[in-house]
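We begin with a single chain expressed as structure tokens, specifically the form predicted alone.
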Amino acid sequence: MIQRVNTDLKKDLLKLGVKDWNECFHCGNCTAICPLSENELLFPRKVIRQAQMGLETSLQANVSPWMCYYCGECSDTCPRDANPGELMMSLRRYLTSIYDWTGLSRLFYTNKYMEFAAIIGLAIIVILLFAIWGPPLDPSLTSEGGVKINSFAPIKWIELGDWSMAVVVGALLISNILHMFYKVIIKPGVKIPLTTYITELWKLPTHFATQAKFRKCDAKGKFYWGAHWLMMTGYTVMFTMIVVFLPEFQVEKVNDWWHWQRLLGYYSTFGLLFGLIFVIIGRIKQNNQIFKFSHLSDWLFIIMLFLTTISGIMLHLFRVGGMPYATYYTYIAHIAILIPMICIEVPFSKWSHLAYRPFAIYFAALKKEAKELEYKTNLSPEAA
């Protein structure tokens, strides 16, 4: 495939957190040591070479950066301290900005103020909506009758807002995935039979739910997989609770602690707190390679998710404790944190990786099958 070299690609990548790669002299040690590198997907060396040469089209069609779970082995053993693992992380930011047709991902990644401003702006809008259309805190909402959360925040309006947010965020993320499909499959001209799309489809839910490839990393990687999996499933449960089953969770009756509603909430809280504490301590101490380099977007994501979790815990305690004023004000704060986190992080920033990675594994499987089919076709007597 003939393609034009983009001489400005390095400048673009530097803005997205890529460090100076001049130390890399392509010894191949990183590829040899990586437990996830395969014959069909040799990384990090190949993708680093594409970036250095300015092969923009090939780089955008390459899903290798998503195959990397950043266990840090490649950077630990690099004889030149070129930090190939950090480069792969930066390339995931680059690819995220490429898939996002709105350009917001690139804006948030390259301008340290814009993502922060977007989060604050959405939070202010949420607070203003409560101030303008929310009911006043009259005695009927703060009497001895307990916390009347559905009178303060009518479930029909909150659910309508939830679903509206889910539709917009889902449409943005799906459109970005379709753009990813175009870059990876359509533009390079990969011919894939319809049956292959179906037979390989199982990889999508499997790798989303299990993050199975992560377990191929060393012992440290396996522990990191456990913390990451708990945080991911905790977030998924929380998102499903507040969007799909909100009427079952925003109720005025305080159920027993063993009720399924509360047990799911406790699991979500535990998974999020365990994963977040592990990540925060790791990034502060920086003892392991995987935590040595942090982009601003990494910290914003961690802080937003942590604040969402803590405000959710406080909301639950105030509600169960029968403290109306504390519950209502904490509810507003919780929503003002939660909505910006979902609207910004899911389609445009760190949390979008949850969607891009399983789709990258799926697309890689499609390309592998297409290549094998082409090879078999060329060997057939009819082809000769």
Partner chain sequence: MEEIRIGVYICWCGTNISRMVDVEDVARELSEMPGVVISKDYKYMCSDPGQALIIKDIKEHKLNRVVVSACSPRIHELTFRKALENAGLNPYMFQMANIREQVSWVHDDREKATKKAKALVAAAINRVKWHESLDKRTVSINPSTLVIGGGIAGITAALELADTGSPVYLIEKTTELGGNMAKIDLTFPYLNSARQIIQEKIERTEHHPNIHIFKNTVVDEIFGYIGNFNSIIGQNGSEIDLKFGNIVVATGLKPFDPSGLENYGYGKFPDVITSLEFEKKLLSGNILTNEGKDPENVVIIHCVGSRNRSEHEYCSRTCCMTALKYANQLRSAIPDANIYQAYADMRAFGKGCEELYTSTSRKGIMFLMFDQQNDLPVIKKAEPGDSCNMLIEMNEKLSGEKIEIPADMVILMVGLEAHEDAKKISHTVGISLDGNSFFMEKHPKLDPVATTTSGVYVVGNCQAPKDIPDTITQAKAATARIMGTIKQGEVEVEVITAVVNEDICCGCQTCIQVCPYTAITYDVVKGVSVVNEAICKGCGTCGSACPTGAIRSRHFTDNQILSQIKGLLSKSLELKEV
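Numbering follows the first chain given and starts at 1. All values derive from a computational prediction rather than experimental measurement.
Form predicted in complex with its partner chain: not shown, discussed below.
Asker: Residue-level contact is defined here as any heavy atom of the residue lying within 4.5 Å of its partner chain in the model of the complex; does residue 55 satisfy this criterion?
Answerer: Yes, residue 55 lies within 4.5 Å of its partner chain in the model of the complex.
Asker: Test of understanding: in the model of the complex, would residue 372 fall inside 4.5 Å of its partner chain by heavy atoms?
Answerer: Judged by the heavy-atom cut-off of 4.5 Å, residue 372 is well away from its partner chain in the model of the complex.
Asker: With the partner left out here, check for me: in the model of the complex, does some heavy atom of residue 80 sit within 4.5 Å of its partner chain?
Answerer: Although its partner chain is absent here, residue 80 would touch it in the model of the complex, with heavy atoms inside 4.5 Å.
Asker: Answer yes if any heavy atom of residue 3 is within 4.5 Å of a heavy atom of its partner chain in the model of the complex; otherwise answer no.
Answerer: Answer yes; at least one heavy atom of residue 3 falls within 4.5 Å of its partner chain in the model of the complex.
Asker: In the model of the complex, does every one of 92, 97 and 111 come within 4.5 Å of its partner chain, counting any heavy atom?
Answerer: No.
Asker: So which of 64 to 72, 23 to 31, 320 to 328, 337 to 345 is the stretch with heavy atoms within 4.5 Å of its partner chain in the model of the complex?
Answerer: Partner-contacting stretch among the options: 23 to 31.
Asker: For the stretch 34 to 53, which residues lie within 4.5 Å of its partner chain in the model of the complex by non-hydrogen atom distance?
Answerer: Contacts from 34 to 53: 45, 46, 49, 50, 52, 53.
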